[in-house]
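Given next are two forms of a protein chain, the same chain in both, each as structure tokens and marked structure 1 or structure 2.
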Structure 1
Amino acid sequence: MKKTYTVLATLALVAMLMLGCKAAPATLTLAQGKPEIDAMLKAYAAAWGEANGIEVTIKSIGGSSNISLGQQLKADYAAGDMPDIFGINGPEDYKEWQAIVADLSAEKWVAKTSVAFTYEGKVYGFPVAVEGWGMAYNKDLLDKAGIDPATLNSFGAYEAAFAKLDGMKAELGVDSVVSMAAAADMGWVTAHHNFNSLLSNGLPYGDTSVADALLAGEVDATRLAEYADWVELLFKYADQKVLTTGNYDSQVGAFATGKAVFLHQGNWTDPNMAQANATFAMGFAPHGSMKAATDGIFVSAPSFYVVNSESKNKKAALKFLEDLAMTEAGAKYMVQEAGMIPAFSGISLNPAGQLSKSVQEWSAAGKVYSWNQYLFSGDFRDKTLAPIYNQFANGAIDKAKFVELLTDAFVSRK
């Protein structure tokens, strides 16, 4: 008898739990690829959720773990568990998810930004922030060496400056001139960021002509040769250990501790600089991938939030994005908590990091070049280009072979 009661009670409890699940409050899931802002975004989302009676779940994927957001999304999609809002990086990602990405052209925040993700005239992506990279320099060391960073804007200028700094290594207390990484897991530094110098340096913002030609298999040999000189220069004056076997920490660490004068990274390294107590003055100089002077750095929104058009929570998702862009709490989270450069006008707050400030200055002056690397597939950049850079960095091939392999890669790209 007693047993029967226990069984009945258990069944009742299970049934209640199941019913309870069904009556759960409204939910919203956001999957994003910037683990460094995970805690801040979660705090903001919790506060927003409380105010709107919606339970918001933030999933942050990427960075140090070995699974990327794109991979996680594929698994989620296969499992029928697609998030309501998710991050994409650019046109290649967009095409992957095209069928379920909602058109956001009618949203209010669209008018307040110039870097939203658009495709064929329609707005699809909410810009997460503005980011930029160039050659980050240690101004204190450059002053000591008598080099004005404003003069660093062409291959010739860099060549002379690198040679001069290399001769003063002991005096400046540095191990190498530039902190560059080209190991297998650092393909995103070479085959994504550095590669973009070839695609957009010196071109008007939004000009994709060079990338389009390369995508069509037509290689501008002069531009490529000048670019190869630049890669060679960076590799030559880099700390070979960091270059061939280093990871993100060793690359950024060398610069943050004053052991390298330049760093080939972007403003997302600001938190690392703060952690390492780097107090020296720093900023960005343009890349020297061309003989002609190029006065600007590479600035864009690194990723965009898109709304899942099949989601039941679409309304909540749209409101979440709108509040993020248009409310004071949203601005406070983006700028002060997460330390990002906001992609929207009408926000008067400024990020604290020196490199972020430098990006903002370049951006305000309109001296910016676009990010065109996303026009190439991740497959092409990571599996075809990255090993070519790595071979060159290891000294396994020379510059002529490097140019030949790159040319082959563009011509035979499937």
Structure 2
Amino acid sequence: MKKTYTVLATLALVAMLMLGCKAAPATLTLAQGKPEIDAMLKAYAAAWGEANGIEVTIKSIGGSSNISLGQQLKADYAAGDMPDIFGINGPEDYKEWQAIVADLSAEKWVAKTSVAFTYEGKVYGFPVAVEGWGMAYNKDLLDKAGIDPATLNSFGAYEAAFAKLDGMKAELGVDSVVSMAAAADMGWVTAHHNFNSLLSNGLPYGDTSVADALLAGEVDATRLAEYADWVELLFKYADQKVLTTGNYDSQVGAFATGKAVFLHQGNWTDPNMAQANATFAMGFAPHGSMKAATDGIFVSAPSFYVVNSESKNKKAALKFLEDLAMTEAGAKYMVQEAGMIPAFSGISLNPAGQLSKSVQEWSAAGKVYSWNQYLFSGDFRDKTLAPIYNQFANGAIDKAKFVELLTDAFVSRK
């Protein structure tokens, strides 16, 4: 009898262990910084996970949140809860995490892209997409005002256009000329994207000379002064409520609903335009951060997925990325669902969004400028530069002080 009980107890234990295994399926966690694709990525991940018997968790950080992806990752690392896949923006982010970033050089998708993140000859980052931005414009409103977007290529051209549009706000039915946000938690608009106007506008693609000089504490006073004029112009003609307290949704929403003529964002807002049923003609014009005319917009891979080399789920993470780049389902997610420009060859689908099409047109013409903002650390951009833009937007400092504080920031970081 005792033997029978022992056998039964053993069988019960085995059954419990089997049930336990079923209750704890394989898992995969991806943390990324593009909240605008959160719903689409979660839907794709759920379908992929079901097909592969893996429970996938997507964590999207950014947008209007008061914590950046980098800050969240540091908290996760301290808590021993790092994701299996996570996003980085460029060299400085990579250097922060290189001890746990897996070498992806041998992955099949590497041969299908020219914009993977590389460091010292090895591939470490999977490019999320190809993105671009300039000044997004509502062509229908510009047509009504008699302004050709092709003429918007210098500070003087924008200065005249903004003044004219400002005098026609009632006639055009808009609240502001520009929709731009510079609130404390929107520093990625100012100290990341707008900052890049100073770093690369008008320079050959790949030219990092201005950024390199600033990293060395050397400031081109003329270029900085012209750039400050541009920031002042944008702030002057922006909706002041959106500028000082607005979040991502209010900034993008004002443009999508026809209440602003220009938007300081990129083609990643195409899904927002679709959700708002924005049918007006739109496209990108160059930034007017220089007196001289420029003829391009800022185009690059916006971010990269890296694999945590310490992850117990590394094999699943590698398969997730491979399928994303090399399957029909992955292509449909990137292009048709998320509205992104794919960074991989062999994908025949094209995004439907007008802003993405505009980026493709600028790129096809070779009229593109680099993204050099990520040569600077996240802390420098978020903790040093962003507050300076915020003070300027709120009127706490004038343009002269804005230039002074930026100059001091570059010199002191040397």
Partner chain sequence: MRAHTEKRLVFWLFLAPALFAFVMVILVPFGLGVWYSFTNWSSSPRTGAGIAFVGLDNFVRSFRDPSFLYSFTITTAYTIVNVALVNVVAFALALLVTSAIRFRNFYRAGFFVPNLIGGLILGYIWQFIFNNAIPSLGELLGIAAWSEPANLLLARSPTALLAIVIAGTWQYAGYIMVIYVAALENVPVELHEAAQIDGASPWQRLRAVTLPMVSQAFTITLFLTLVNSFKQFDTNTSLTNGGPSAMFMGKPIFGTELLAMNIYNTAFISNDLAMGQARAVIFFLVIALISTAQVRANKKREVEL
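Definition used throughout: the rigid core is the maximal C-alpha set that superposes within 1.5 Å between two forms. Quick note, the numbers are simply positions in structure 1, starting from 1. None of the values given here were measured: they were computed from a predicted structure.
It is structure 2 that shows the chain in the form predicted on its own. After fitting the larger rigid piece on its C-alpha atoms, the remaining smaller piece is found rotated by 17 degrees between structure 1 and structure 2. After superposition on the rigid core, the Cα atom of M82 is displaced by 5.9 Å between structure 1 and structure 2.
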